[in-house]
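The form predicted on its own is given below as one chain in structure tokens.
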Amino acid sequence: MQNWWNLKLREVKANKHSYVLLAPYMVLFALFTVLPVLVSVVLSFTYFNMLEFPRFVGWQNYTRLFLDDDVFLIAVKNTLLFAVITGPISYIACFVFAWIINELSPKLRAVMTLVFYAPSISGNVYFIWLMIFSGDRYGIANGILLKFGFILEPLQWLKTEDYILPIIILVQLWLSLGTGFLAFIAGLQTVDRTLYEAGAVDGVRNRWQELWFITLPSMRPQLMFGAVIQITTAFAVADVSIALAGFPSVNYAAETIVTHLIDFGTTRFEMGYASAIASVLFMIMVGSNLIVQKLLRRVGE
């Protein structure tokens, strides 16, 4: 054990300049990411209402969460459904569009990148979808359906349980070409072109083989970064739900883990219980990332 520590110490001394350059980021990361997560985990075992000093209650918050909170179970179901649908679809869509755009000329590539990336940086664009799915006859969706005789009276799209979640999934997919999309384009730009020539000599005969054996293995860091971004986005959905379906939504049809967290953390100020919700969400995200990492390691095999 002593030899291991001596070896690590020598490595630190040999690379001390690198550690000095990394220090500002690591300090900020520890203060604003690692420390809040640890504090949240500790608070999840307490009763804390922002007025009194936290009181230790053991596993009471988690017991209440899984055995007594029916709304949380609805939120978990909605979040998992949302993540299973939007996560893989948006991840694949990001790569496919990036792959296609990468084949264009530089000027056209820049224009198309902006076109696809724009919705994710447009700010509060939900009013567009509120116009489309407005519950009166002036809503775009209702207007089209009424005009062609598919319905006889306007549908309350965002007030009907059966329609709320599919609409939110649709809007989230529209917004999904964000940072991961740019990372994929950057990764495709950095692939060494000589690898394709070497691959042709080794028996790579078509574009699909190039993609699997050369392109994807060459951009594993970007694939992992994009996966982390998409997983985080899929599990942390809240703004779309609140903007379209309200807070809370009809019969909690659009309730997610994050909106449930917002409810207890910023409305009821039950910070211990909210921390328990956040800890569960954190564990789900970590587990999902570990699974995705194992899958991405097999790319190109």
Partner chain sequence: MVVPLIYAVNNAFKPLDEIFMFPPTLFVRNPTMNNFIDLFGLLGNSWVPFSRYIFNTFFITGMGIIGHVLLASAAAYPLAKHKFPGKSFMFSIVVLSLMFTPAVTAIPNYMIMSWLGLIDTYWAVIIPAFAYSLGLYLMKQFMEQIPDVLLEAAKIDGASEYRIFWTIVMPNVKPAWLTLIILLFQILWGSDGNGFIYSEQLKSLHFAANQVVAGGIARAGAAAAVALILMSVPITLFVFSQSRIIETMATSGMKD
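Positions refer to the first chain, counted from 1. The shown structure was predicted, so the numbers you read here are calculated from the model rather than taken from an experiment.
There is also a form predicted in complex with the partner chain; it is not shown, and the following applies to it.
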query: Proximity of residue 48 to the partner chain in the predicted complex, heavy atoms at 4.5 Å; finding: yes
query: Distance check, residue 265 to the partner chain in the predicted complex, heavy atom within 4.5 Å; finding: yes
query: Touches the partner chain in the predicted complex: residue 147 (any heavy atom, 4.5 Å); finding: yes
query: Exercise: residue 39 in contact with the partner chain in the predicted complex, heavy atom 4.5 Å; finding: yes
query: One stretch from 106-114, 83-91, 159-167, 202-210 that, in the predicted complex, holds residues within 4.5 Å of the partner chain by heavy atom; finding: 106-114
query: Joint contact, 3, 60 and 248 to the partner chain in the predicted complex, by non-hydrogen atom at 4.5 Å; finding: no
query: Residue among 182, 214, 155, 74 with a heavy atom within 4.5 Å of the partner chain in the predicted complex; finding: 182
query: Listed residue (242, 271, 65, 253) with a non-hydrogen atom within 4.5 angstroms of the partner chain in the predicted complex; finding: 271
query: Neighbours of the partner chain in the predicted complex among 257-294 [non-hydrogen atom within 4.5 angstroms]; finding: 258, 261, 265, 271, 274, 275, 278, 281, 282, 285, 286, 289, 290, 293
